[in-house]
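The form predicted alone is given below as one chain in structure tokens.
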């Protein structure tokens, strides 16, 4: 079983601020750092650090993307299907992180929006029925990728973030796993409680597995009649930037290895707890040994 993450890669410009800016406000940042990031890259790093066999497909700018390429390679991600495009900048973000560790993110797609269907077709030749295809909503042609992955017999995993109008036109009934937070869930189905959101997700997408993170109240899993829930670990929050991506990588890698939904939620929660206690995006993602040690100390 192999994992293909056809996902985004961004250069993250992170500014530390007292509070998230509002319209018309000017504020001096207390610090600035540059990190490799992007939901796709972060998730690939999480898969690799969880000891999963992961390939990353996508595109970076030839002139500015070396920092993104390097972190994938150092982390043990296979980069055979990562293109370097001339004359096109890599995707990049401007991130505000306030003193409570909460963030606000502005994204420019760059090379992430230059994915060609021929690149998809050539890449998928190397994967088989039962392999996992990981997707987010930060690259173009998600519609084509979902259909191509499904036709190949791959298990399609979608983290539909950031949610915009394009999500509603996707063939979501072909998605095998949804990874969402409570806000994203409420944009896809109706519900006045976490439990109701899950029930409506299962009714709307009866063949899909749904994993929903709900902040301080932990995470939920639902598939047909099966349900699981896990709370959170109490850790100091430094930066939440890659928490969701860390959770995604560790949950899917654990589940794919045959662990139960409950065990997978616990491991993913531990990994994301470690991530939020550190600064940065991909640099904050722990290794499986760190996660195992963390759980042993609880």
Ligand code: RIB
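Since the structure is predicted, the reported quantities are computational estimates derived from the model, not experimental observations. Positions refer to the first chain, counted from 1.
From this point on, the text means the form predicted together with the named molecule, which you will not see here.
Residue heavy atoms within 4.5 Å of the named molecule in the predicted complex occur in exactly one stretch of 284-292, 6-14, 271-279, 19-27, and that stretch is 6-14.
Not displayed here, the named molecule is kept clear of residue 163 by more than 4.5 Å at the level of heavy atoms in the predicted complex.
Under a 4.5 angstroms non-hydrogen atom cutoff, the named molecule in the predicted complex has residue 42 among its neighbouring residues. Among residues of the shown chain, residue 242 is one whose heavy atoms approach the named molecule to within 4.5 Å in the predicted complex. The named molecule in the predicted complex comes within 4.5 Å of no heavy atom belonging to residue 85. Although the named molecule is not shown here, in the predicted complex the stretch 88-116 places heavy atoms of 93, 95, 105 within 4.5 Å of it, in sequence order.
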